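Just the one chain here, laid out as structure tokens, in the form predicted alone.
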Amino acid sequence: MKNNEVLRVENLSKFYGNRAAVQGLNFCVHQGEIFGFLGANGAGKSTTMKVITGLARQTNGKVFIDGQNLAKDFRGCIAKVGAMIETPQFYPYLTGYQNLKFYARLYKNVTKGKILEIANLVGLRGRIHDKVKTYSLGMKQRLGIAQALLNDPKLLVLDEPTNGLDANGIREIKMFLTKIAKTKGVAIMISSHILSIMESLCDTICIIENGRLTEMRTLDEIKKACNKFGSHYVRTDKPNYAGMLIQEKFGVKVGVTKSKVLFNSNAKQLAEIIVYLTKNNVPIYGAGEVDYSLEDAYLDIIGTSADVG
């Protein structure tokens, strides 16, 4: 294990019959790092998270948690993991506190004070003694994260943790995830279909497509890589053809991604390019100055047809 590695995935594959859900994944998550896991619906995100948390068994490859092989020391590894995969399930006629107390029995030395401290951390202090059947979806999400934190995990795995949360709830979740990563050194692996959340939260972005790793860099590296070709862009489903037309007509160097053509121009020339492409039956879905967000970078890497999920 390299210094500060909490999770290492080596050549991970998972097959369901002849269908490959995940193929040859390699990545690692370090202490104090918030690792964003992105991909379209069906790309293999949840499958990967289930393997890491012991809810599914890999077909090939290895998973190491805090330097230990998950397959060889399952109990020791899982004791260091907190997770919320898909929709959290609780006993509706018990209170939030009673549910957490029930799950706390799985671990050693989880006191009443610790449970209340975690409830406060996730924003449930005023409702922790209410029955879960009265909770909103967002409150159940908070309770799910609280459950994942009961054992002071070294690795926290969260699948869509902001589902059902309003803007204030999302802000609070982001704040305490950042806090536990940076002050307690927890390694956090998180997926979300809301790319603006991932952009403001994550240190590293990992993108998978059809079960294979497509991109893994820091957020800044991804945005810089996509931003290197020019000052303006047009977005189209015919980027190669559009790029050829722009080069031939306007004599400018272009960069082509899966969804955009990038080039250096001014506003007047950009308008002329749009008109010219439209006359040549190239549909334009967007155009403007280059100011890359994670969503822009994601669409360039995956393509415009991807359904982020």
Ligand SMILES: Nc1ncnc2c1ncn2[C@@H]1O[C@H](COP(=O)(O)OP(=O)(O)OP(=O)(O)O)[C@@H](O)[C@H]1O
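Predicted model, so just to flag it, every value in this text is computed and none were measured. The first residue of the sequence shown is number 1, and the count goes up from there.
Same protein, other form: the form predicted together with the ligand, not shown, and the subject of what follows.
In summary, the region of this chain contacting the ligand in the model of the complex, judged by heavy atoms within 4.5 Å and restricted to 241-249, 40-48, 262-270, 63-71, corresponds to 40-48. When the ligand is considered in the model of the complex, only one residue from D152, E160, E199, E172 comes within 4.5 Å through any heavy atom, namely E160. Proximity to the ligand in the model of the complex, taken as a non-hydrogen atom within 4.5 angstroms, holds for one residue of K114, H193, K80, R235, which is H193. Contact annotation for E86: at least one heavy atom lies within 4.5 Å of the ligand in the model of the complex. The ligand is not shown here, and in the model of the complex it never comes within 4.5 Å of any heavy atom of Y285.
In the model of the complex, the ligand lies farther than 4.5 Å from every heavy atom of L294. Though the partner is left out of this view, A21 does reach within 4.5 Å of the ligand in the model of the complex, counting heavy atoms only.
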